[in-house]
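Before any questions on how it binds or moves, here is one chain, the form predicted alone, in structure tokens.
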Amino acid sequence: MNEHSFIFVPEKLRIRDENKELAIRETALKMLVEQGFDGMSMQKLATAAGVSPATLYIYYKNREDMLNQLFTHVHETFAEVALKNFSPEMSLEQGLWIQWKNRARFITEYPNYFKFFELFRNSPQIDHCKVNMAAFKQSMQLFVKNAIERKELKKMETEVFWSVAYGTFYSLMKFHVQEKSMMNKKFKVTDAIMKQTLKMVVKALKQ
């Protein structure tokens, strides 16, 4: 082989481009939210992202692998946002306020991430064992444990606590995202509305 010989480098062995990977990921999330898993092919994704179909296989083995990688990324992003400025040592009201504010920011700043998670969190195509949320869960569990020890929170089933502490919040945010109230009037969640709701939730959790 001389110095002018051409060396073929298979597409799968080419260097990963972080900017291209980000563009592909965001395009995939948008398409999945709008079209669902069955409505999206790798060919459609490649066209929408402006890359060759072979380029996709640098980052994903197949559609199922892509779905799992996206789910993991969304979960990791959520955990990072949710834990910002949060400490398990906070009081029940203070900790929930930070959690509500952080989760509201996640919903508003990453709308496709939130919609994607809602669509696919119970999908059999997701391998939930691969999603490492140990640090997030440990922080949440310690927060509840501390609140119980300080007698700020009564002992209850985890599902009951989540339904009251966070289910209320997500119902409120649903109206916010739709920009409509139950009476079909314009609606936006404000800090004042959120604090008013939180006061009632904390009171309920203490009873």
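Between two forms, the rigid core is defined as the largest C-alpha subset superposing within 1.5 Å. Remember, predicted model here, so these are calculated numbers, not experimental data. When you see a residue number, it is the position in the sequence shown, counting from 1.
Just so you know, the form predicted in complex with a further copy of the same chain exists too; it's not on screen, but the next bit is about it.
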Item to complete: Give a yes or no for Arg105: in the predicted complex, does one of its heavy atoms lie within 4.5 Å of a heavy atom belonging to a further copy of the same chain?
Response: no
Worksheet item: Would Asn122 sit within 4.5 Å of a further copy of the same chain in the predicted complex, counting heavy atoms only?
Response: yes
Worksheet item: Taking heavy atoms and a 4.5 Å cut-off, does Leu22 contact a further copy of the same chain in the predicted complex?
Response: no
Fill in: 4.5 angstroms heavy atom contact with a further copy of the same chain in the predicted complex for Lys137
yes
Practice prompt. Quick one: from Lys154, Lys44, Arg150, Lys61, grab the residue that has a heavy atom within 4.5 Å of a further copy of the same chain in the predicted complex.
Written response: Lys154
Worksheet item: Which residues, if any, of 100 to 117 lie within 4.5 Å of a further copy of the same chain in the predicted complex when only heavy atoms count?
Response: none
Discussion item. After superposing the rigid core, is the C-alpha displacement of Ser181 2 Å or more between this form and the one not shown?
Written reply: yes
Fill in: Cα distance between Lys101 and Glu179, which in the predicted complex differs by 3 Å or more from this form, closer or farther
farther
Worksheet item: With a C-alpha distance change of 3 Å or more, do Phe187 and Phe116 lie closer or farther in the predicted complex?
Response: closer
